[in-house]
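Before any questions on how it binds or moves, here is one chain, the form predicted alone, in structure tokens.
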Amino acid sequence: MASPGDATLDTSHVGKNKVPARYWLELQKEGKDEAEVGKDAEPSRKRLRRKEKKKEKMKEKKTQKAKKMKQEDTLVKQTISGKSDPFPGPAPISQDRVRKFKRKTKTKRSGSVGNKLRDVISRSEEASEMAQKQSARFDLLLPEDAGFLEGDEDEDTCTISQEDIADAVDITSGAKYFNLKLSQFGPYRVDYSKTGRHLLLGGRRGHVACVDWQSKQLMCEINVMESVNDVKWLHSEAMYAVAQKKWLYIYDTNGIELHCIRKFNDVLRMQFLPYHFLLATASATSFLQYLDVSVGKEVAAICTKTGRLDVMCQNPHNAIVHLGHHNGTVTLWSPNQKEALVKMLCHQGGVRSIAVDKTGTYMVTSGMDKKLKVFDIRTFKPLNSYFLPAGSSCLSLSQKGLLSAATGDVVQVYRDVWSTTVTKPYMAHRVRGTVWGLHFCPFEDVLGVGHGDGFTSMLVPGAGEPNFDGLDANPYRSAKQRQEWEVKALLEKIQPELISLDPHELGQVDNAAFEQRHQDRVQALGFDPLAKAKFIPKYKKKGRSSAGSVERRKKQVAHEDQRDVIRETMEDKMKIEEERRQREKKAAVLSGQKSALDRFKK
């Protein structure tokens, strides 16, 4: 039995005092245990994180188009009140409006196209589709539309006079109908600037005038003291060209003579190509000449060998010049060739006037045989032919496809001359002298008529394009904007070498010319630079590029090339053998047939 003293020695007072339990101490202990367990679970967590990152990357790689489609299908727009949107997704667009802004057709992808090129093509097509849809949506922001004249029941619109139209419209539009009595120096040639803001008049007896016809402000007025054959605005309203009796002159808006170009003599008609900065002239000496007004040099001089050239027109679509001749033919010319691109027999008599629409699709001609004909330039075939009692001396086409034809002192306007057969004119007006010049004003429902008694500005509802492009031809631009536009146009000037009958050929590859140049190059070099390069084995490490292994790889590639050659030769031999067998079969069949002459054989 233990004594009480021993008990006291064994049990010390230090061991008797227990530390009180605290809750934070218990939490620390639990955290340590979890950390020890987490050390074993770290590899599995890392794997999970890697898998999650891979999934996120796969989701990010989805295309924007797929995301948009998914959003349109799954997401439902909600309003502030919490109700679902009854019309989710973007607003629908009519296919007719989308087709109006179609830019190009989808490219056909061959199997040999690489992945990188395929991605570039797909992205460009997506961008083109998006731009097409955006243009169709923004078309709603162009509320202006061409409005045509409509009469009452059993009323022809051609019987409505210009005075009645001017009284019925607003004051601003009514002021666009006016007459200038200039009987002393007539008849007059007429030309409007590209913006439609300024008017240029050239009288046969030497009178030349520049007018801001909307504000009726006279810019300059001169008399050149000799006969004037034609007048034409250049790239802006700051300069214009006058074809006088002997030479070609350039003036500014103050009437100051800038240039006298003696190389261009006896000029009868002129046309200005705005995107090429070329002034094309047709002379009485049968010469068609091109002048680059940006540098003042003659680009081309072509002798057409067709006599006097007094009928001239340009195709706004491809900058081809159309000339009419006394033998009833119309020829198409480019400054790149000395011969006519196309010769068309249009009339039985001489050609009096030509007009081409802005799309470059239709051409309208009038001749001495008193016929008015409409041609499709794409096929060079006639579409419609109309008989006019006295023939037409002047023709002009508006931006919306209205055709004006002058017969003596009567001006008639026709509508839809190429889509339907026209039986009566859309409008008619009689002036005080024989008409010498016709021109529709751009972006306005106005037709300018130059005649023997002066000038008349007619109102023709639906003639002009209601929506203009402010970056190309802005009727309301300031002097500073005109200067900036002029610099930009000079930087974007198209070279005359690019003028062709089909402008889309510029984006195509001329395979025949490439093959010819390649053959010339092979003959000059003595070898084919585009031939298959000699196989050079790639250097490999770890002793795999020894002389023996490199030689084996070379032989293997050589054997593969030899197999291809042998395969091709065998296929050619089999084709030749098959053709020989077929010929023998045909000969056997023909020899087996009995002829009526066999009875005379011995």
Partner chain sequence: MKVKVLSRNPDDYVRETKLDIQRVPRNYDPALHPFEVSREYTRALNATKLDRVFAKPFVASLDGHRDGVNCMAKHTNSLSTLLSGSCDGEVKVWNLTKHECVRTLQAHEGFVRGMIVRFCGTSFFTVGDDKTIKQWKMETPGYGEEEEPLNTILGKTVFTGLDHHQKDAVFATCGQQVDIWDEQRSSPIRSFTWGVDSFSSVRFNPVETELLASCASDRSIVLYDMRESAPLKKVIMTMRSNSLCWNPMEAYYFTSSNEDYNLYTYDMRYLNKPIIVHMDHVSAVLDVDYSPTGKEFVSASFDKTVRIFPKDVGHSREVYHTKRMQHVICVKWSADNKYILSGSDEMNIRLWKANAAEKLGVLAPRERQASNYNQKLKEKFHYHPQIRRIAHHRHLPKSIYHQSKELRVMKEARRRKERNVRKHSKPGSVPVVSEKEKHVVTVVK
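From a predicted model like this one, the values you see are computed outputs, not experimental measurements. For the two forms, the rigid core is made up of the largest set of C-alpha atoms that agree within 1.5 Å on superposition. Residue numbers count along the first chain shown, from 1.
Below, we turn to the form predicted together with its partner chain, even though it does not appear here.
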{"query": "The unique member of Met225, Leu142, Ala91, Val295 whose heavy atoms fall within 4.5 Å of its partner chain in the predicted bound form", "finding": "Leu142"}
{"query": "Heavy atom within 4.5 Å of its partner chain in the predicted bound form - the one residue of Leu268, Ile302, Leu459, Met312 that qualifies", "finding": "Leu459"}
{"query": "Contact segment among 468-476, 248-256, 200-208, 277-285, judged by heavy atoms lying within 4.5 Å of its partner chain in the predicted bound form", "finding": "468-476"}
{"query": "Non-hydrogen atom contact Asn179 with its partner chain in the predicted bound form at 4.5 angstroms", "finding": "no"}
{"query": "Proximity of His504 to its partner chain in the predicted bound form, heavy atoms at 4.5 Å", "finding": "yes"}
{"query": "Non-hydrogen atom contact Cys394 with its partner chain in the predicted bound form at 4.5 angstroms", "finding": "no"}
{"query": "Close approach of Gln523 to its partner chain in the predicted bound form, 4.5 Å, heavy atom", "finding": "yes"}
{"query": "Sequence-ordered list of residues in 481-507 near its partner chain in the predicted bound form, where near means a heavy atom within 4.5 Å", "finding": "Gln481, Leu491, Glu492, Lys493, Ile494, Leu498, Pro503, His504, Leu506, Gly507"}
{"query": "Thr421 C-alpha moves between the shown form and the other one by 2 Å or more, core aligned", "finding": "no"}
{"query": "Rigid core superposition, Gly526 Cα moves 2 angstroms or more between the shown form and the other one", "finding": "yes"}
{"query": "Residue shift check between the shown form and the other one, rigid core fit, Lys133 Cα at least 2 Å", "finding": "yes"}
{"query": "Comparison of CA distance in the predicted bound form with shown form for Val120, Leu498, at least 3 Å", "finding": "closer"}
